[in-house]
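Next up: a single chain in structure tokens, the form predicted alone.
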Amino acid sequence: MAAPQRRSSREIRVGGIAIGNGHPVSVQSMTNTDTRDAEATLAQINRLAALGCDLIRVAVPDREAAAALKTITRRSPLPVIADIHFDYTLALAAIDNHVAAVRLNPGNLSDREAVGKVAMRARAAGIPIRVGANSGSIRPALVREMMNKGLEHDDAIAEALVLSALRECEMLENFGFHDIKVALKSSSVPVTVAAYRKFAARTDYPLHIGITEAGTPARGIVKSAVGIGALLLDGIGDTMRVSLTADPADEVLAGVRILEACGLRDASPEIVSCPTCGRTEIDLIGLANKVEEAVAEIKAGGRTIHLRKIAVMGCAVNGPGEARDADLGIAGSRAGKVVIFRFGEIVGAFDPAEGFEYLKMEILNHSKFVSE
């Protein structure tokens, strides 16, 4: 099945990554280290890059953090985006220390002149600004105004998000700044999706998508998959973040998997596994987790896996057929054994531990370092 047709949008660049205008959707995360600790921040950035992160955002709460950006931007494998709130001078310092973009909420800067100074400095540096409206920070009076016009509560919030973002963009455009990316986020999936659809229909700005304050992985991944997935299948979205109360690694892995599920990033390989049932005579759950961990470990080691699909199946009902359709497959059989398939052919039956090691060896045999 073909990937969704992407919305037409203007192109910007964040470091070496092109965004908008049909370029691949980029996965973004945010470090949760103390930005003032450059070494710890760089260690986390390197770990996230190995998992498939494309862009990284770091908090810049004070002057010391802004100064640390000089080291971080020089050594980071990913373009670094400075997250700025309230103090425009921190944005100026971040730009001077070579960040690839600035995340700015003009709504948090009461001084219009300050916004203009950031816009002019960013334009001189040739970097974009991402502006955003969040449902938690939009003016209640604007929501009431929308409801007085007859909109239901959620529709009023969505429309208020759109109007807030448009005003922020207009402010930057009035300063002659046009390299803008926009986010419109709510913790409500329906509100977020409605806001992005409205905004996408009215403008050509590239869009950063996500569900804000989505929660812990158990809930947040589901909310993000539904909201981000709906937008991606509509062709909306140029960068994305799965916002979780968790290790940023969980955000990156979830983001990559959402893109894979939407047909917007090659899984390399796709891993399929069946649900458990009373016929299963092996530890299918443990085996499936071990296969996923092995693939992630191999990729994190800098290798590309040249396999289309790996199947991990529990019993003889669908197992052999699904495993044969895969490049590599492992399927449970009677007496607690597993059967290994390789490109449609049976290799043999093994004890589960032995079978897993054989499968892992085959995955390694079909992988190469990126530089090879």
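What you are looking at is a predicted structure, and each value in this text was computed from that prediction instead of being measured. Rigid core: the largest C-alpha set superposing within 1.5 Å between the two forms. Sequential numbering from 1, following the sequence displayed.
Keep in mind that the form predicted in complex with a further copy of the same chain is missing from the display, and what follows is about it.
Within this chain, A201 is remote from the site of a further copy of the same chain in the predicted bound form, having no heavy atom within 4.5 Å. Within 4.5 Å of some heavy atom of a further copy of the same chain in the predicted bound form lies at least one heavy atom of R257.
In the predicted bound form, a further copy of the same chain lies farther than 4.5 Å from every heavy atom of R121.
When contacts are judged by a 4.5 Å heavy atom cut-off, I45 does not count as touching a further copy of the same chain in the predicted bound form. Remark: of stretches 202-210, 84-92, 112-120, 170-178, the one touching a further copy of the same chain in the predicted bound form is 84-92 (heavy atom within 4.5 Å). Across the proposed site, I17, V25 and A38 without exception lack any heavy atom within 4.5 Å of a further copy of the same chain in the predicted bound form. With the partner omitted from this view, the residue of A249, L233, A300, L166 that lies near a further copy of the same chain in the predicted bound form is L233 [heavy atom within 4.5 Å]. In the predicted bound form, no residue of 339-356 lies within 4.5 Å of a further copy of the same chain by any heavy atom.
Relative to the superposed core, E292 undergoes a Cα shift of 2 Å or more between this form and the one not shown. With the core held fixed, I330 shows a CA shift of 2 Å or greater between this form and the one not shown.
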